[in-house]
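Below sits a lone chain in structure tokens, taken as the form predicted alone.
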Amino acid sequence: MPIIRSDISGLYNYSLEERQDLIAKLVKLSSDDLKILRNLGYLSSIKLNTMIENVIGSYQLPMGIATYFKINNKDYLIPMVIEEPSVVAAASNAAKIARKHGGFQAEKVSSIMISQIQLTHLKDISTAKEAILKNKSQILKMANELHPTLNKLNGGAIDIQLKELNTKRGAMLIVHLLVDVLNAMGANIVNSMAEAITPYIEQLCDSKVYLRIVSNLATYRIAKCRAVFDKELLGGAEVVDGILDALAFAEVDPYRASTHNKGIMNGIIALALATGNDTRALEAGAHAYASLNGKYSPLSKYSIDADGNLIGELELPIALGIIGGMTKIHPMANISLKILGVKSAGELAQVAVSLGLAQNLAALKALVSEGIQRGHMALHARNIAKLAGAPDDLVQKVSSILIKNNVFRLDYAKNIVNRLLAGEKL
């Protein structure tokens, strides 16, 4: 292995190609590696350089389409960007099951985000609170002057809430600036507003502000949905009972609850990636919301109706945007939004929460019946067959043998390929 020095001064000043050459030389990439690195796909070097710093290339992931989704009586084709096998197919299957009883019913989602301003070194919290509330209209006016277009569209800063905290560093007063960000995710909007009003608040309260930043626990943007999953299409009463038992397990055990919620986020994050949204913010908000009652809990709930069908419900904060950020810069995000045909960020959140519930139901159904690995391994076997050098006309044959014998090693797959190419009948 080459000895690498990471103290590269001014890498951002290099052109993209110069960075590629430098990194290739430092870590001794092969000519084939460099050829892949040079392939930027549908993104130009100029566009890549506007996205992040020290760019050396682009990174592709598969984008699939989940089918059968009916949400609030409207059909959707849902683009999903994910590398995990069987996820897209599983979501589609769950949506097909829900479709028998009308699909998913999703509630309206608000577009209000919270920015937090942390006041420290306060001489008197009560006086500070009084000063802020007395001057609330002026503070909101200052915030809205920063985004006049948003205000004209009936968005913008709408309220201020105050919260006292006792910390190991002393008492703090937290100002929550509530902003209706309309069709944006809103982080940049609320951050800039918070920064704009901070000097005035510091002066009003004779305090020191350090943090002024969006909260990813977007409790004003709660997405909720509900669906009825047909008992017979699920596989019968035993499968329904198994799913209810799985939920009971997750409700008392955070080790299981974390994986339960991961299944939900499989769908939501795949949609967020496809539409150019912030996946880390969504994950942080979802898992924080799962812990609000003092312990980490499953985000979805299941029960049965009078006919024995399974009722699924999901509730979590979903802050998505259809304007601003990567949603307009990334060409594939643009295409994804065209495929979806959503008209607002709220509608996109309704799609996301429905997809999350479908993904969770599909995972639970697989777990309590055939096991989660069956769907995964079918696609995994095809990947191994390709890696083993199987020509296109033999991929299915090789993968079938791997699945039948329950062996998924590359050396074993190569042996099968060689034997088949030699004319041996397997």
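None of the values given here were measured: they were computed from a predicted structure. The first residue of the sequence shown is number 1, and the count goes up from there.
Here the subject shifts to the form predicted in complex with a small molecule, a form of this protein not shown in this document.
Q. Given that the small molecule is left out here, which of H176, R256, R99, K301 has a heavy atom within 4.5 Å of it in the predicted bound form?
A. After the contact test, the surviving option is R256.
Q: Identify, from the list R226, H121, K74, K262, the residue with a heavy atom within 4.5 Å of the small molecule in the predicted bound form.
A: Only one option qualifies, and that one is K262.
Q | Partner-facing stretch of 45 to 53, 30 to 38, 64 to 72, 362 to 370, counted where any non-hydrogen atom is within 4.5 angstroms of the small molecule in the predicted bound form | A | Partner-contacting stretch among the options: 362 to 370.
Q. E84 near the small molecule in the predicted bound form, any heavy atom under 4.5 Å?
A. Yes, E84 sits close enough to the small molecule in the predicted bound form that at least one of its heavy atoms falls within 4.5 Å.
Q.
Can you tell me whether N266 touches the small molecule? I mean in the predicted bound form, with a 4.5 angstroms heavy atom cut-off.
A. Yes, N266 lies within 4.5 Å of the small molecule in the predicted bound form.
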